[in-house]
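For reference, the chain that follows is the form predicted on its own, supplied as structure tokens.
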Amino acid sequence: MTKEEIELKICEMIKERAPIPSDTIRLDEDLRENYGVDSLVLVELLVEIECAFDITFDSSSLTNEFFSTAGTIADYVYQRLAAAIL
């Protein structure tokens, strides 16, 4: 799966769950500030992403650094998938 495919899928997942409706989810916008994603929605997203991509998030990586935007989440998923191939 390409990084662009991962980004699109994650943006769709966010769009479906975001309390603040948006036609598009930008990769660089903060999920909390721009789309109203709170900690509960974020946990729901993480579970959905784990199932969709067949990965498990490392609890030590569940920080704002990795999960503040759709882009940082996509980067994390892409890296996990790439590591699984090796």
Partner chain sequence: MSAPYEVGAAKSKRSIPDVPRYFVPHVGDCFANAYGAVAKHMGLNPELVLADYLCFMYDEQTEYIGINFLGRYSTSVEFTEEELNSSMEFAYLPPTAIYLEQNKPGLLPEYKDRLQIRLLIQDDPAIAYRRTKELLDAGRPVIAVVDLHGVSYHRAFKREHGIHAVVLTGYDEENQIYELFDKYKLSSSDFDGTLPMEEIMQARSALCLQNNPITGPFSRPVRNLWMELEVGEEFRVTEERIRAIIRQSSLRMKGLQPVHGRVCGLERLEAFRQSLLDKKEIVFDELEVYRFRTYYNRSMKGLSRQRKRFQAFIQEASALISIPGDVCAELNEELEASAMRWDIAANLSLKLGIARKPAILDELCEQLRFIREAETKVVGYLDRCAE
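So that the term is clear: the rigid core is the largest set of C-alpha atoms that superpose within 1.5 Å between two forms. Please read all numbers here as calculations on a predicted model, not as lab measurements. Residue numbers count along the first chain shown, from 1.
Form predicted in complex with the partner chain: not shown, discussed below.
- For the candidate spot formed by E4, E16 and S22, no residue has a non-hydrogen atom within 4.5 angstroms of the partner chain in the model of the complex.
- A residue is said to contact a partner when one of its heavy atoms sits within 4.5 Å of a partner heavy atom; D38 meets this definition for the partner chain in the model of the complex.
- Among heavy atoms of F57, some come within 4.5 Å of the partner chain in the model of the complex.
- In the model of the complex, the partner chain sits within 4.5 Å of a heavy atom of E44.
- Contact check for E29: every heavy atom lies farther than 4.5 Å from the partner chain in the model of the complex.
- Of all the residues from 2 to 19, none has a non-hydrogen atom no more than 4.5 Å from the partner chain in the model of the complex.
- Relative to the superposed rigid core, A18 undergoes a CA displacement smaller than 2 Å between the shown form and the other one.
- Fitting the two forms on the rigid core leaves the C-alpha of S60 displaced by at least 2 angstroms between the shown form and the other one.
- Relative to the shown form, the Cα atoms of T63 and V41 move together by 3 Å or more in the model of the complex.
- Relative to the displayed conformation, the Cα-Cα distance from E65 to Y76 grows by 3 Å or more in the model of the complex.
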